[in-house]
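Below you will find one chain, with nothing else, as structure tokens; this is the form predicted alone, and questions on how it binds or moves follow later.
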Amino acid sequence: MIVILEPDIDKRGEDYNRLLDFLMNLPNIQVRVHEEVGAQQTVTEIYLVGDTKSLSEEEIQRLPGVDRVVRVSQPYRVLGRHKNDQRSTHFEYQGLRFGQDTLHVFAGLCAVDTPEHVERMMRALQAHGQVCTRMGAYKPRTNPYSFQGHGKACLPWVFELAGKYGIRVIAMEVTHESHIEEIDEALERAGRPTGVMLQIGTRNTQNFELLKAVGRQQEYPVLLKRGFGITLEESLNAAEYLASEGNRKVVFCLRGMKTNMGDPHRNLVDFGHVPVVKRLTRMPVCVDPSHSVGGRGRSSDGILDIFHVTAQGVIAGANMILVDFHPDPPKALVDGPQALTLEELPHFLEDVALAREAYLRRQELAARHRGSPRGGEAGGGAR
């Protein structure tokens, strides 16, 4: 059960103390207090864990300082959608809104290589009105002899260039708790010219100690990739690890499943789960077409597979796209064969806009048919 308190409640006031004292003394119930600090108000939520079936929602609703009560109906207590749950499905960071109703493109280098390539990428993004990118400094690799990323050595100039070209948010993978400290220190020394969305890669989806560490900090939002060989439920529970530690600014990323049934693509594309994740949870959903497809195959219609797969995710309601670009793909140190070129950036963005427009029109169509007397049958079939 989730007890949502009145906004900006005084934690030193009598109402709050009386409420907390009552809840703390409930038998077989653990009490967890979480505070969500927003730009305009602070919301406090109290999670009651244990034998809550016998608790009366009406009785708790009448307690001093309580705004509303939500009974948990999904296994994902914090991030899940529950019956009559009106909590927000978005968060704000660096002046940008990330929600189940928005769309952001994070185009950039899978792995940072040279300052020249980073600058060319960011200059191109600025020229096309983009304020988000991906830049990999820490790269976990299957082969221990493969390039592992420049690590903290590249952070100063990556952040400096981001500030120069107006990049507000960089998606950047971390593989160890110490990387969070390195990013934070580098941002501070640079004057915080940009922001970072910490990315948990598919190999670390069930690295529970890392999830706890990333969840304990609430400065940076988190992009969690689905584990490539586990169920959707297991990956959603990994996201819940982050939220249970205090960080609810989580975006869930679909990136394809590791199975030969996806051949000749690198992974079996799982973007049909976009609406499923949005139905089960309050998280925005990202799609990663580059690591799903893993190449630059082009169909007989002249469209790259990566474009097709991106459109599938967007037209299903995706809220973020994580996609590999590189100024010179043959020289890329990681995943060059799947990277799009800077010359393809305007085409990609225009194609995304087309798919997004189609999704919004589909929403309007569904709304019209939901309101028809016979549940949508009166309008006839698609023509």
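Residue indices: 1-based, along the sequence shown. Because the structure is a prediction, the values reported are computed rather than measured.
Missing here is the form predicted in complex with a small molecule; even so, the following discussion is about that form.
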Would all three of Cys110, Gly201 and Arg255 be in contact with the small molecule in the model of the complex, where contact means some heavy atom lies within 4.5 Å? yes
Given that the small molecule is left out here, which of His150, His265, His291, Arg77 has a heavy atom within 4.5 Å of it in the model of the complex? His291
By the heavy atom within 4.5 Å rule, which residue out of Lys139, His104, Arg282, His273 makes contact with the small molecule in the model of the complex? Lys139
Quick one: does Glu240 come within 4.5 Å of the small molecule in the model of the complex, counting heavy atoms only? no
Taking heavy atoms and a 4.5 Å cut-off, does Asp305 contact the small molecule in the model of the complex? no
Heavy atom to heavy atom, is Val314 within 4.5 Å of the small molecule in the model of the complex? no
With heavy atoms only and a cut-off of 4.5 Å, decide whether Leu322 touches the small molecule in the model of the complex. yes
Go through 244-252, 83-91, 229-237, 131-139 and give me the stretch that gets within 4.5 Å of the small molecule in the model of the complex, heavy atoms only. 131-139
